[in-house]
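Okay, so here's just one chain, in structure tokens, the form predicted on its own.
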Amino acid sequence: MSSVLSGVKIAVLGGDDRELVLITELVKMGATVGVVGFPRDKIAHGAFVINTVEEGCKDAEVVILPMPGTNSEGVIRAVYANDNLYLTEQTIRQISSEAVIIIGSARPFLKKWSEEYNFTLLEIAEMDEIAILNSIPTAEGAIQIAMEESRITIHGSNSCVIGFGRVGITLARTLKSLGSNVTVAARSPGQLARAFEMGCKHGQLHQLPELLSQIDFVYNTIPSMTLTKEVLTHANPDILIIDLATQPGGTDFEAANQLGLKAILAPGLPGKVAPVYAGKILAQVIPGLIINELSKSDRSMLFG
């Protein structure tokens, strides 16, 4: 067993099956791991069950929150918890100014607290080493939804991928490999050039009304209002919309419903369709981040 994190007190607050994989790895590396929001029989031998968020954060050097983080009221996503777990300012005050908080995406109030109380806040959802690998189960999960919710095949269908970042690229490539006719809609000329290089049709976002008239499946990855009512009025009546962007997504779902279009909001697919794979990604990346951050401080630690 590695002792690279020996003596480091880590609190894991909420989460899902991804965190279970991460907890096991942290224990193997010698960390003292306190877990909030999981039953005893779910967590690795060597980790400790803690009843409250306040108790978990007390004296913790590292606090790990789920990839989805919290909602706007501070409720931590915790699929196994019997009661809501709240991240409050009172709790944050207990954390040392030298502490590190690791989260997928932080709400504005947590960013504000990091400035007021001078702890290190690491948002990891957009790190390439996590986001690129997470794009694989996201693409597979999106296609799984399309197959389950439609009566046509992916092969031979007309698909539109909106946004051509990490998820969009992986999704377009996977759809093409399944025989779909893929159109990419994006803002950046560079992204559209890449789409052309991959053999995809392409167009600017302002061309969406025209593009969607012949589309069977549309996958949105842009986390801002993109599929507006005006755009949706031009869509194929049988279109299936799968919105992969962070809640509330980039689709006017009320308008889609009024127009009789089927639209599904599906954020956070890695934790739903491939939690073990997604957990291994966290287990590969997060220990290194912890070591890097703690090595910046004056504490005496022995790194392997």
Ligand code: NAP
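The first residue of the sequence shown is number 1, and the count goes up from there. Just so we're clear, the structure is a prediction, and the values are computed from it rather than from any experiment.
One more form of this protein, predicted in complex with the named molecule, exists but is not displayed; see below.
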| query | finding |
| --- | --- |
| Contact segment among 115 to 123, 148 to 156, 185 to 193, 96 to 104, judged by heavy atoms lying within 4.5 Å of the named molecule in the predicted bound form | 185 to 193 |
| 4.5 Å heavy atom contact with the named molecule in the predicted bound form for all of Leu205, Ser224 and Ala266 | yes |
| Residue contact check: Arg166 to the named molecule in the predicted bound form, 4.5 Å heavy atom | yes |
| Touches the named molecule in the predicted bound form: Gly56 (any heavy atom, 4.5 Å) | no |
| Exercise: Ile241 in contact with the named molecule in the predicted bound form, heavy atom 4.5 Å | no |
| Partner proximity in the predicted bound form: Pro66 to the named molecule, non-hydrogen atom cutoff 4.5 Å | no |
| Contacts with the named molecule in the predicted bound form - residues in 137 to 159 whose heavy atoms fall within 4.5 Å | Thr138 |
